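The chain below stands alone and is given in structure tokens; this is the form predicted on its own.
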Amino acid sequence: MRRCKKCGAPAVIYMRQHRLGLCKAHYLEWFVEQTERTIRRYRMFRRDEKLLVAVSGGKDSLAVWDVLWRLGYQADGLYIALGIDGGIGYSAESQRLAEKFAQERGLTLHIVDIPGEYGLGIPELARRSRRGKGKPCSVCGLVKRHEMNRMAHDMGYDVLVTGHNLDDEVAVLFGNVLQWQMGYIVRQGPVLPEEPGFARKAKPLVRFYERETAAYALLRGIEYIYDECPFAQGAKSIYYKELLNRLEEERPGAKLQFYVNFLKAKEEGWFRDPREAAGPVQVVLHRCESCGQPTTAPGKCAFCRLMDQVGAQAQASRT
């Protein structure tokens, strides 16, 4: 039987990459301490700043909101109802759990209802669009990014916080390295600085394995949705996670080492945007003529072009 390194009681979790076993009380304490260390290490945000936590009803987003609440940060939640059913009432159950979490702690939860706001949920928007060849994930990502930034900016929040864990980040990094997508690689990190019209984005759980955030949620008694999104099956990110899990099984700590060394290499200047060869990149932002959010292209942003396309198809089908 594994024993807690701090008190000798039976350990509820053993982390091979740290060679560390902890009991329930000391694990919950360790998790919070490590999160705050990550916040400070990467200068994510200050205690006087207002945080908006994107919550999905899953373990990671509820765990990070819980930790920020325990640490005393000014953190409200944002739930985006995507209109996804998948035969399991996915969106309805996710929203119920997010609302339950907020109510139990007396926290503020903002809700954006995509079908209510725009007339269609993600599955139907994907079917009616040409983006991502009609696959929901591409449309879903675009809609969520637009709405998260809109809400953070319009309601005056300083930072948008997400619950991305180490497994998420390493899978993205692995995929980008396979293709040497330098534009994406140079922008990946625990913090994405704010730009005019864009809120700063931070990922406080970025150094925790997925099993560690799941353990925190279970030990804290946080009820969360266990089901994956019905459209996630077959996603490349899941395949990459499976490959990396096999590596981790053989070499405990490999994923953490891969990610931390990547961040060190970035700090040391190993990665540069190829466009910077001729000097610093000056990204010109325009205001979307429809929604007012920043966009790199003149005219309308990608989100509004998507909505125009869907609307035009709906109009054509009625005539």
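Not measured: the values here are computed from a predicted model. Start at 1 with the first residue shown and count on from there.
FYI, the form predicted in complex with adenosine monophosphate (AMP) isn't displayed, but the following is about it.
Shown alone, this chain has one stretch from 286-294, 258-266, 22-30, 52-60 that lies within 4.5 Å of adenosine monophosphate (AMP) in the predicted complex by heavy atoms: 52-60.
Proximity to adenosine monophosphate (AMP) in the predicted complex, taken as a non-hydrogen atom within 4.5 angstroms, holds for one residue of L97, L244, I185, M148, which is M148.
This chain lacks the partner; the member of L125, A152, L82, V206 within 4.5 angstroms of adenosine monophosphate (AMP) in the predicted complex by a non-hydrogen atom is L82. For K201, no non-hydrogen atom is located within 4.5 Å of adenosine monophosphate (AMP) in the predicted complex, even though that partner is not displayed. Mapping the unseen interface onto this chain, T162 counts among the residues with a heavy atom inside 4.5 Å of adenosine monophosphate (AMP) in the predicted complex. Taking the partner from elsewhere, R131 is found to have every heavy atom lying beyond 4.5 Å of adenosine monophosphate (AMP) in the predicted complex.
In the predicted complex, adenosine monophosphate (AMP) lies farther than 4.5 Å from every heavy atom of L166.
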